[in-house]
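Take a look at this one chain, the form predicted on its own, written out in structure tokens.
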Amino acid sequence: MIKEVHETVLWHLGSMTFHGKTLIMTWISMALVMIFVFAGVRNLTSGKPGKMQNVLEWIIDFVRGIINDNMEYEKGRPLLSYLVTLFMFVFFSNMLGLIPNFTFNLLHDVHFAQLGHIFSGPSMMSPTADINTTLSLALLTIILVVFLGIKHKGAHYFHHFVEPNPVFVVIHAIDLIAKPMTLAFRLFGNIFAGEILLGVILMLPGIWVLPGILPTTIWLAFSIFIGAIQSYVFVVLTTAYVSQAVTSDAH
């Protein structure tokens, strides 16, 4: 079962190779984010908001608070929509691996794009359980950090690489490279390990008998908690890195 959930499915287009299963799960996560946001703004009102609007507004206020805690809000305000989207995408991606296979093997004999193989397992797969996804998100973060640093400080942004002594340029360069690596591997490691352990639990004999339902439920709840925490950590670290890049050295 573990092999089925995390086995790589490759698509070939000319000289390019894509991870088909990861792409499909990423598109599903994107669709879930869009459906969630649409449900939140469908009956948008300044009066008494509905439940979905309340949840969406809470998420926006939550991320706004993260920005306020790390930098001047005026500098971080352009990031709000990106960080809200990032938070929801990472969260839904983390949760996807906990959802049972809703196709019920109806695509088992579908060979187009290897869909039968992609949806062959008992559960879906989290895109964030693939290092390619988490590394892409981390690289996007570090590109954003450098871009905003140059935008706010100009060429002076690179001055911190030679502080307090030019010999430290190597250390600062390693630090810049290490940031996306730690972001990517932290998220990947937590989600991948969670799905592996969930797969092991589901393989245990008698797990669906009454005594086995309780530990499974507890582990699912713990996995949801970890998924939410990892979404929060990713957004907080992204905000902190941007804050370091845009904040004046005098502060």
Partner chain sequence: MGGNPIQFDYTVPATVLSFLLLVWLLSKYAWKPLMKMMEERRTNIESMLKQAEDERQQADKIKREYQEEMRKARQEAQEVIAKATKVSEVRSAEILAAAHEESEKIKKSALVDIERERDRAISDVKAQVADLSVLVAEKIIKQKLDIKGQGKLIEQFIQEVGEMQ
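The shown structure was predicted, so the numbers you read here are calculated from the model rather than taken from an experiment. Numbering follows the first chain given and starts at 1.
Unshown form predicted together with the partner chain; subsequent notes refer to it.
A single residue from the set 66, 37, 198, 28 has any heavy atom within 4.5 angstroms of the partner chain in the predicted complex; that residue is 37. Interface residue remark: residue 53 is counted as part of the site for the partner chain in the predicted complex, having a heavy atom within 4.5 Å.
For residue 148, no non-hydrogen atom is located within 4.5 Å of the partner chain in the predicted complex, even though that partner is not displayed. Contact annotation: residue 185 falls within 4.5 Å of the partner chain in the predicted complex, judged by heavy atom distances.
Mapping the unseen interface onto this chain, residue 84 counts among the residues with a heavy atom inside 4.5 Å of the partner chain in the predicted complex.
Within 4.5 angstroms of the partner chain in the predicted complex, the stretch 45 to 63 places a non-hydrogen atom from each of 45, 46, 47, 49, 53, 56, 57, 60, 61, taken in sequence order.
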